[in-house]
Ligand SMILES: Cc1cc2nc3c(=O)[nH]c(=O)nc-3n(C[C@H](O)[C@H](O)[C@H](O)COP(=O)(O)OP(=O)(O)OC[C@H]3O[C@@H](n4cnc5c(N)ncnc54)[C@H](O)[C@@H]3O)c2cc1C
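Presented as structure tokens, the chain that follows is alone, the form predicted alone.
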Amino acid sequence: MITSNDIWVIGDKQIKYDLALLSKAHSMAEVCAGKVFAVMLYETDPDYCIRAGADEVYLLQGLEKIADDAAIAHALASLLRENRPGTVLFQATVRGRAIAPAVAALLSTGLTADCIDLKMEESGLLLQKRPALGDSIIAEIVCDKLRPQMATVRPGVLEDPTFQEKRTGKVSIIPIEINALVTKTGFMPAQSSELLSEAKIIIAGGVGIGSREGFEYLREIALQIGGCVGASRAAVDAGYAPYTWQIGQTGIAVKPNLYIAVGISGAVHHLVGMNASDYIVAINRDAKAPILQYADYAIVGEWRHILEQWFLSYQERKVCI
């Protein structure tokens, strides 16, 4: 399929990271003489997208109540066949990880998942970097024969967006008609991965917490101090916490001011999701747990006793203030 060097960024309701990806796409498009298209799956102010680097914004209408990722993938694939961009980028969110591979399959092209960096050559060839072999190496991947080149980018790994206040661009409203098998009729409030990615304070639990009840206790503390709860992959796999709380290579990347790791051993795939935190406090009863080596403050002992004592002193200081 003959394509251009244009770059399409598919927005997925995490505006901060969507804008960061648009800024990255803009810098890459300058290298290969392409244009940047923002394809937004949600309602947003297109001016932000343009100032972040988009030359044209497609606002897709009709998706508000659609919860059928397969149907959305078919709609996007049809749009991509019609316009033939050279590169398509998604966020590596829960929805992005569901839609992107389906779109790649429909277009008979490849997909590199969970990229941590991207680089564009003048020819339009995309160099995609992602951790491999348990994060022991960084692999550079290219899709040199098929187009479009497709990748999902881990939220939080790119630099903050750079805005150009005087940039102008085109906005197109595209109505989408989907015969969806799944529609959204309601929702229950819960801590979302979007809130977690923006949190300034995170208390994250590992499998060492031992139960859902233990995570409820972490959540109580987090609410009191204005933070959010995170979890390691092992804790999520054990059923102690929902996937939206998962931090790491297969979850989300976070950059809080304070990260409190409780009962987390510190496997490499977890560390890559939180090592950009300003301060890391690790609580673990295993003095040889790897995460203690990465922490600014390491505490060895039973997590519940330590947190109870700390939270009690925190409440006393709060009352005094």
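Basically, rigid core = biggest C-alpha set you can superpose within 1.5 Å across the two forms. These figures come from a predicted structure and were not determined experimentally. In this text, residue numbers run from 1 along the sequence as written.
The form predicted together with the ligand exists for this protein as well; it is not shown, and the discussion that follows is about that form.
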_Since only the chain is shown here, I'm wondering whether residue 264 would be in contact with the ligand in the predicted complex (any heavy atom pair within 4.5 Å)._
yes
*For residue 296, is any heavy atom within 4.5 Å of the ligand in the predicted complex, or not?*
no
*Is the gap between residue 289 and the ligand in the predicted complex 4.5 Å or less for some heavy atom pair?*
yes
*With a 4.5 Å heavy atom cut-off, would you call residue 303 a contact of the ligand in the predicted complex?*
yes
*Listed residue (208, 214, 86, 110) with a non-hydrogen atom within 4.5 angstroms of the ligand in the predicted complex*: 208
*197, 244, 249, 93 - the one with a heavy atom within 4.5 Å of the ligand in the predicted complex*: 249
*Going by heavy atoms within 4.5 Å, which of 53-61, 277-285, 40-48, 26-34 lines up against the ligand in the predicted complex?*
277-285
_Just to make sure I understand: among 81-114, which residues lie within 4.5 Å of the ligand in the predicted complex, judging by heavy atoms?_
none
_residue 34: after superposing the rigid core, is there a C-alpha shift of 2 Å or more between the shown form and the other one?_
no
*Please say whether, between the shown form and the other one, the C-alpha of residue 77 moves by 2 Å or more once the core is aligned.*
no
_Core superposition between the shown form and the other one, C-alpha change of residue 46 at least 2 Å_ = no
